[in-house]
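Single chain ahead, by itself, as structure tokens, in the form predicted alone.
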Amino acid sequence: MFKHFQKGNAIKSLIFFALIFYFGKVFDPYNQGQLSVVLIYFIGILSITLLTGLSGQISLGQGALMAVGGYTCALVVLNLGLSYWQSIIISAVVSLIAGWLLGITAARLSGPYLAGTTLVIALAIPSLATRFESVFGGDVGLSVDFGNPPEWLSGAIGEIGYEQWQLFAILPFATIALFLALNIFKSRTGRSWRAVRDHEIAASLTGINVQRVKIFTFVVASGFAGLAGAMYGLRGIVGPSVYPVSLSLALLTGAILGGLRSIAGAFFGAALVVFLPDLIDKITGGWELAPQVGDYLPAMVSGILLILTVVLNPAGIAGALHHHKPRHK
């Protein structure tokens, strides 16, 4: 059965890869850059989907874990001279360790206490960068990027622009993250996470070690967040302004709007968060709005959509699409 799941999930992941690759070829540079951010947010939101949607643990600090991955990647590139491929993998491993340390604390907390703890961590990361300016670059940050595309890729598909190269460099990691998430959802591990989410006492009575599950969930989710954070920083700079508290809130907003318990919802939510400001700007382009209104309109619309989703459709976009899917008798 597990082999069947792996085969089906591999096909879905390859289709995802092919579709994004196609859009990367036909989009203009601006939209290619946006699609890159969608993929990064998708991986980051997957960490929330696994942590909160699948196992029921609330986190407001995924942006901080992204910062761990971003700073690790930048320091490895700048100080050790490794390639960005190697640096991203190392960043994910370091983030796994950070998730383990956080998970030990999280296993003893729940609800608002856990949310508050993770929020404090998200607030503390920028101050650490400023405090140890000689290492982390302070407010200015560390300058890193994906470099230039390899010659074999340019020879295979033709000239590659900067934004397109970013997209193609991120796409394999997004595909791997999707494949791993699909398998976790359908595995025995995923079922144990759901059991803990639904009823900790009942899960414990069936032989599940609840604390161990909570720690392991944080470890896996942190790996996803660190992976996203490393690639987010490789777009140009790693600094406090790249990983603010608002990043954690944007990821959580995308997760809720798309569907907190759905992998497809993670992608819908990421796309909505990234493309919504441009959509609003296109709709209101002919309106004469004061700067005080126009600058904060995307955030206001996001807030309204978030409230409507929680009240009217808690399952998000993915849940609505599944509900309206025609059923064959």
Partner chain sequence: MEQFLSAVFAGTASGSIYALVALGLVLVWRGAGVINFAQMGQAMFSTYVASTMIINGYSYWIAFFVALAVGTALGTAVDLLVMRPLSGKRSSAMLASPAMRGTVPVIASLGILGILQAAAGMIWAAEERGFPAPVNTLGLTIGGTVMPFTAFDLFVIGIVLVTLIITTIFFQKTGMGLAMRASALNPEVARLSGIRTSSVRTLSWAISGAASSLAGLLVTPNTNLSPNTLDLILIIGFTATVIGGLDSLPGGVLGGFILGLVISFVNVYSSPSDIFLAILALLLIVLLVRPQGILGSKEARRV
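Since the structure is predicted, the reported quantities are computational estimates derived from the model, not experimental observations. Residue numbers count along the first chain shown, from 1.
The same protein also has a form predicted in complex with its partner chain, omitted here; what follows describes it.
- Among heavy atoms of Leu306, some come within 4.5 Å of its partner chain in the predicted complex.
- Proximity of Arg197 to its partner chain in the predicted complex: non-hydrogen atoms within 4.5 Å are present.
- In the predicted complex, at least one heavy atom of Leu60 sits within 4.5 Å of a heavy atom of its partner chain.
- Taking non-hydrogen atoms only, Leu276 never approaches its partner chain to within 4.5 angstroms in the predicted complex.
- For the options Val120, Val135, Leu78, Val93, the one in contact with its partner chain in the predicted complex, meaning a heavy atom within 4.5 Å, is Val120.
- Checked against its partner chain in the predicted complex, the residues Leu128, Ile157, Ile97, Ala202 give one hit for a heavy atom within 4.5 Å, which is Leu128.
- In summary, the region of this chain contacting its partner chain in the predicted complex, judged by heavy atoms within 4.5 Å and restricted to 227-235, 99-107, 149-157, 85-93, corresponds to 99-107.
- Heavy atoms closer than or equal to 4.5 Å to its partner chain in the predicted complex belong, across 243-272, to the residues Leu249, Leu252, Ile256, Leu260, Arg261, ordered by sequence position.
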